[in-house]
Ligand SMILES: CCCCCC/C=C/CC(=O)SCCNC(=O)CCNC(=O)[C@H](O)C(C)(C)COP(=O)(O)OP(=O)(O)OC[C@H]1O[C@@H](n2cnc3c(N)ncnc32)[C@H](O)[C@@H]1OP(=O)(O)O
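One chain follows as structure tokens, the form predicted alone.
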């Protein structure tokens, strides 16, 4: 709805009301039409102010209307009417003006914003573009380069940055509506809308295409802004609508909107059996201990400090402590500068004594991935800390149940698996075991939320969800190289699909020795041996053999690729590796064959997806949304593909099953190509929509 009142004698105040964010529903749109018409026709009204009630201007379109028929008046003619009004119209922006909300403000003649308000056009994150004039009005207001940056990234602005760019006319720390009314009273009659003369910027499309990794919405945004730069306003608006029509029903838009809603689903966590735990009240946490200040511990410390928590950071080696303190200070300073906020860090207390965490409410250990070391630490913490202190491990694969068994209160032990760099990466896997108390899980989930993470609750198994699924994905890539592909062929196919990095470039970045240590711990490594069967299944020793050569990736300047120097990031094909692979294949009796990008994608992605179905069947993840959010936010799976499970639903479950069966027949010694029984069940159930998978997973079924 929208209400019109007259204030200060001659100002028509239009207030939007649709809690919580005053979204532009059909009723609100009709309300704007009615109130603007009345205000413009009222001779006592000399100017108009549009605001939102309850401290929020407008959060944009109602996304719930996207899936069906949109009733009520459309936005474009509404905004055109506002812009064409012969009385000055001022937007009073409080809280947020996002998407259609900012487009509404852009249609007004002037904009006054609260200093803490957020402004932006995030439609690109939903696979769309601002289609109510945003791509045409914003470039004409602030110029092409700045408009392109905002529209193609969807990033949010503060009031101060919006003023600097010229989006708003005034920023206030006082009552925004009062400031807007005062501003409206000062405007002379007969205001004019200035149209800038724009020109297209060369090279923009190439840069956006490269950074989009196959997403079509950013490219369409550039095309719309190009229309603003080269066409009259009316024709530019027409081009905007044409581009929006191509995006609206696209698979990418559906995938991105699925991601949007899935973030909400995973935040309302539940057990795989369907019992909801999100009603469990989290324990209040104000002081957190971090033990181990290596790369992960430093990032966790920074993330906690940026969230406003008091941190006790423990590193028992004095020299490492000093290095960590210096590194954390630098990370905080850079992050604060990038965010445009004041420097934080005085709430961090450093110590070389484990006893320093005795009075915290929650401890996160981030020591080396060594079970014996973690066992000893958890025994110490169980005795040292308060009886109700939550003990959390940042382990990426070790048994949380076993760690819990080393303590006096196993119900207070959960996993908090961060992803490097921990102060940047959005994902947090919260791992629970059969004895984990709901309050402990709720507390870890809430702490992740305070840190700005997408927190996903998962069950306990080797590798949990993310790393367990990663193993068959990486193994298939190595098998493909054994059979004739090069690292470049595999990586190129995956990067063209949308991953920011392929398997082998990512391995070089993280370090080949990391996976080598994991394989050693599992008893898979046989130094100097080329056996392609380990523990009864096919195995590729290629990574082990490279590590034995001291080829650890970027850190040594040699890995799957060649680098100019240690630490360099510019990967080049390595002639030595090509010779090494030819010799390896000859010794193994392997005949190299041509492998195309389709086979790369099917074997790597379908192996990944198949393991996801196994995880769902075992109840390690409650639903496909949990897996998809883990892979989108933690492993670089292209967001515009929706995540591995959503991608499988888009390809067609029957197609995924058929191709897995095909590759299983060709490679019967690769267990992870054996189709999951859950995948077979879903196909036999008619391949239902992904939103119904949870229901089918919970249905009783025969194991015969």
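The term rigid core refers to the most C-alpha atoms you can superpose between the two forms while keeping them within 1.5 Å. Numbering follows the first chain given and starts at 1. Note that the structure is a prediction, hence the values are computed from the model and not measured.
Omitted from view is the form predicted together with this ligand, to which the following refers.
Heavy atoms within 4.5 Å of this ligand in the predicted bound form are found in one stretch of 221-229, 240-248, 545-553, 354-362, which is 240-248.
The putative spot formed by 287, 315 and 394 is not touched by this ligand in the predicted bound form; no residue has a non-hydrogen atom within 4.5 angstroms of it. Contact check for residue 63: a heavy atom falls within 4.5 Å of this ligand in the predicted bound form.
Not displayed here, this ligand is kept clear of residue 281 by more than 4.5 Å at the level of heavy atoms in the predicted bound form. Among residues of the shown chain, residue 20 is one whose heavy atoms approach this ligand to within 4.5 Å in the predicted bound form. This ligand is not drawn, but in the predicted bound form it has no heavy atom within 4.5 Å of residue 654. Scanning 516, 260, 580, 233 against this ligand in the predicted bound form with a 4.5 Å heavy atom cut-off leaves one residue, 260. The single contact residue among 626, 103, 476, 491, judged by any heavy atom lying within 4.5 Å of this ligand in the predicted bound form, is 103. With the core held fixed between the shown form and the other one, residue 633 has its Cα displaced by under 2 Å. Residue displacement note: residue 655 has its CA displaced by under 2 Å between the shown form and the other one (rigid core superposed). A displacement of less than 2 angstroms separates the C-alpha positions of residue 687 between the shown form and the other one, with the rigid core held in common.
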